[in-house]
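Single chain ahead, written as structure tokens, the form predicted alone.
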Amino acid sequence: MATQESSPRPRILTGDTPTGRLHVGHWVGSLENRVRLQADYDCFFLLANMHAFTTRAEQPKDIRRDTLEIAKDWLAAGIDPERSTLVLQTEIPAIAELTWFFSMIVPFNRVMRNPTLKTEIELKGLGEHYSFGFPLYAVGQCADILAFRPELIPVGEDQVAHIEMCREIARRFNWTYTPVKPESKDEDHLKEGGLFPIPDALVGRVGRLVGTDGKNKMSKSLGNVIYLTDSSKEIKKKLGALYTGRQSMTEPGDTGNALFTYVRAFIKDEQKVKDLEDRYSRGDNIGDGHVKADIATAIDELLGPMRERRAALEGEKGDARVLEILRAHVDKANAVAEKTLYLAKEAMGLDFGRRVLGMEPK
């Protein structure tokens, strides 16, 4: 696997915090883009198992399990370990060091204004009872990204505001420690001697997929999800509970409702989508059940190959295979992140030496 310095391909970095299995909202929001971009980008995909401890420090066994589960979902979805690098966050010490340095150049009140952070505090009911590390993880997410100096970050819509904070930190570091001036354009930072590119967010086809409750964003904590591992029967059952408020097949329907968000997200045949929209909006003898059946078929066709690949990764042998991949990728990830850290320290006048890291096989 080539490093950025020897690869002509631009780089992307994105990832997930291990909180359980992935669902179709993750697919249309970000994962689909990740799989597609592997052909043209030097891809790094981060398993943020360190961040998982910000709210689950007493559950290390669950975090380990969920880390392996998400890695399996990635591989099943089409992340190719021969073309992309899977990054296990806890094995990349440069991320923690960069978090420390970045935390010195971003105001605390800016961190606490981060919409993503505020939303998580509300959704998880943390109130004022969260660890010191919880707000720090917002800066840590910036270090996750900038350690690999990517140009593009595939994310869901709810992460765009956080990416803006990452962009602010990259600018501020470049202004403070490199020749880049505050008036410089984002696209000029590297050619003017900046260390960090100002990365752009890439939102998926569906920035925010509503859950099967028809109201809230698809979320594991709300129980309104269709998992990538769900069976045909489970998919049909979950979609059957999707409420639209429409009373009869002859009543004109709103194609802006949750049901048709799914139609446009998962049915690939554009003409079929148009026909469904037309008939539904006119009340042309088409019921919600008919549309749900078409959606269920489309989602099942999408997930079928993923379920097959996922089945090959189950059990102890599957865990061993995932660990083998993660350990094989540690050296490349550390080589890139360590170079970034050294260059950052050099810019700060802290270039007193370099270290070489690796992972011993267990």
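This one's a predicted model, so the numbers in the text were calculated from it and none came from an experiment. One rule holds for the numbers: they count along the sequence shown, beginning at 1.
There is another form of the same protein, the form predicted together with tryptophan (TRP); it is not shown, and what comes next is about it.
The closest heavy atom approach of Leu302 to tryptophan (TRP) in the model of the complex falls outside 4.5 Å.
Looking at Leu46, you'd find a heavy atom of it within 4.5 angstroms of tryptophan (TRP) in the model of the complex. Tryptophan (TRP) in the model of the complex comes within 4.5 Å of a heavy atom belonging to Thr17. Among residues of the shown chain, Ile145 is one whose heavy atoms approach tryptophan (TRP) to within 4.5 Å in the model of the complex. The candidate stretches are 266-274, 133-141, 288-296, 205-213, and the one lying within 4.5 Å of tryptophan (TRP) in the model of the complex by heavy atoms is 133-141. Contact with tryptophan (TRP) in the model of the complex, defined as a heavy atom within 4.5 Å, holds for exactly one of Gln159, Asn257, Thr229, Asn224, namely Gln159. For the options Ile79, Ala94, Ile153, Met218, the residue carrying a heavy atom within 4.5 angstroms of tryptophan (TRP) in the model of the complex is Ile153.
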